[in-house]
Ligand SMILES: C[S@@+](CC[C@H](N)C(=O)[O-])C[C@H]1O[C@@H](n2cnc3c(N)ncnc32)[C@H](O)[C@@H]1O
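Below sits a lone chain in C-alpha cells, taken as the form predicted alone.
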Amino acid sequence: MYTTAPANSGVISYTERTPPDMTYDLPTVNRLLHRLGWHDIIERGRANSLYSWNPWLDPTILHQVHCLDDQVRYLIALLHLGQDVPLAHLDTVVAESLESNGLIARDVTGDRWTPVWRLTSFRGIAGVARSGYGHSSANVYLGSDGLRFTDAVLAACPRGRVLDVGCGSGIASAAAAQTAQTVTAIDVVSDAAEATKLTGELNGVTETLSASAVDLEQFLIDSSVDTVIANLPGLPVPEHISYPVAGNGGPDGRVLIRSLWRKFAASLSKMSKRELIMRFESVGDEFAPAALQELQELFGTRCDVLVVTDAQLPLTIRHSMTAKNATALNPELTNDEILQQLHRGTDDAKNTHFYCATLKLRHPGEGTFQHIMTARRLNIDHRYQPAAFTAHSSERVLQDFLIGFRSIPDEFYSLGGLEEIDLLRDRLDDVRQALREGQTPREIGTELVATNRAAHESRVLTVALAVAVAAQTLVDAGDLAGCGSYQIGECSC
C-alpha cells in the first residue's frame, strides 16, 4: 500500500515504528455501546448544539438526556467527557473490560477510574482520542475538522485499496473501511496508530483496517492503491515554535500537504486510475486559499479537481488560537511573543485569511477545476453601510445569526466563542446600529470588552468575529450593504 523510498531516489529512508502488538478484544464494550444507545445519545446531543461539528459535547449533555440511567451517565462522563468516576459507580464487568483494553485506568489513589482515551461517535462510527490538546507535541487529536473529513470519506464510499495518510484517531479510516476492500492507515505518531487500531476494533473492521507509525515525509504511494485519503496538519507554525504534531504544518502551513500532493502527482501514470479525498488548510486572501494555485499547477490538465471551502476566518484569529495552544509547549515565551512570531511568519499582504476545505481529485480526468465557496466570508475590518429596509423580523435575524455559527471553525469556540454569542444575542440591536454607523467588527469588539482591562487580545478578536457573523447576517437580510466579496456557493474555475 505504501513503500519506503528506494536508495537511489534521493529520499532518506525511515525506520517503521509500529506500536507494541496489542490484540483488542472489546465484545463487551461493543455490545454495551449499542445496547445503551451510545451513538444515538452522542448524535442527538451534537444535533442540539450550536457547535454541530464538535466531536466532544458540553457536560450539559448529562442533563439534556433525561432518559439516561446512572450507568450510562457515568460512562458518558468517563469516556466522552473525560471526567474521573468513583470505582463503585461502574459495573465491575464493564469496568474490567474497559480497563483491560486500555480505555480507562485507576488513578493514583486507587478509588477512581480515569480515562486513558476519550470516546465519541459520528454517523454511527466510534472514534477515540487523547483527553487533551496542546500539552504534548504528539497527542492524538480529534476536532471538528476530523468529523468533516469523515463525512467526506463516507460520502465518497471509497472502494478497493485505500491508504489513509495521517490517520490520527482512525475515525476516517474506519469510515473508509465500511466500503473499501482494505485500508492501510499510517501516521507519524505511534499513539495515533494505536488509536486507529482501537477505533477499528470498536467498529468491527479489524480484518479490513491495519495501522502503523511511519514518517510521513518518507513514504511513497504504491501502485496498488486505488484511493488516498488524508487530513494532514495545515497550521502555519515557525520552525522554532514547539506545537502539537496534529496541527503543525510548518512555516507556511503546507509542508506535509504539499509533500503529499507531489507524491500523489508522481504516482500517476497514463494507465492509473486513482482518487484523492482530502481535508486541507491554507492561508489566502479574502477570496480564496493560496493552495489552489499549487493544485492547478500539479493536476490542472490531467485530473478533475473539486475544492469545497466550508470555513474561512481572519488569519489573525487563527494565529490567536495557535498561540494559545503553543503556550504550554513554549514556557520560555509569553503568549504575545508567540503571537508576534506567528504574525511575522505569514507577513504577506496577500495572507489575510485562513481556510478549511475538502478536496476531491480524480485521475484520469478532463482537467476540470472547480472551487466552491460555501463558507461565509468574514471580515473584521470592513465598514458597512445601511441598505434598504429589511422585511425580516428581529427574531428571524437572531435565528439566522445563530445558524451562521454552525460554519465557524474550531478556533472560535476554543477561544470562548459561546460566551461571545450570548453577549451578542443580548446586544444585537446595539451591534446592528453600530454597524450601520460605519464601525468595523473589530472596533465594536474592542468597545464591547473595554470594561475588562485584563481582556486579552484574543477576546477582542473572538468578539469581533462574532460581530462579523452578525454583519453578514444583516447583509443577507438586506439591512446592510455587503463588502463586495463572493456570495455563498459561488464557484470559481
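Note that residue numbering begins at 1 and tracks the sequence as displayed. Being a predicted model, the structure only gives us computed values, none of them experimental.
Missing here is the form predicted in complex with this ligand; even so, the following discussion is about that form.
Though this ligand is absent from this view, in the predicted bound form it lies within 4.5 Å of a heavy atom of just one residue from 236, 146, 200, 289, which is 146. Among 188, 315, 152, 95, the residue placing a heavy atom within 4.5 Å of this ligand in the predicted bound form is 188.
By the criterion of a heavy atom within 4.5 Å, residue 166 is counted among the residues contacting this ligand in the predicted bound form. Looking at residue 142, you'd find a heavy atom of it within 4.5 angstroms of this ligand in the predicted bound form. Among residues of the shown chain, residue 215 is one whose heavy atoms approach this ligand to within 4.5 Å in the predicted bound form.
Taking non-hydrogen atoms only, residue 322 never approaches this ligand to within 4.5 angstroms in the predicted bound form.
From the list 302-310, 80-88, 241-249, 362-370, the contact stretch for this ligand in the predicted bound form under a 4.5 Å heavy atom rule is 241-249. Taking a 4.5 Å heavy atom cutoff to this ligand in the predicted bound form, the contacting residues in 226-244 are 231, 232, 233.
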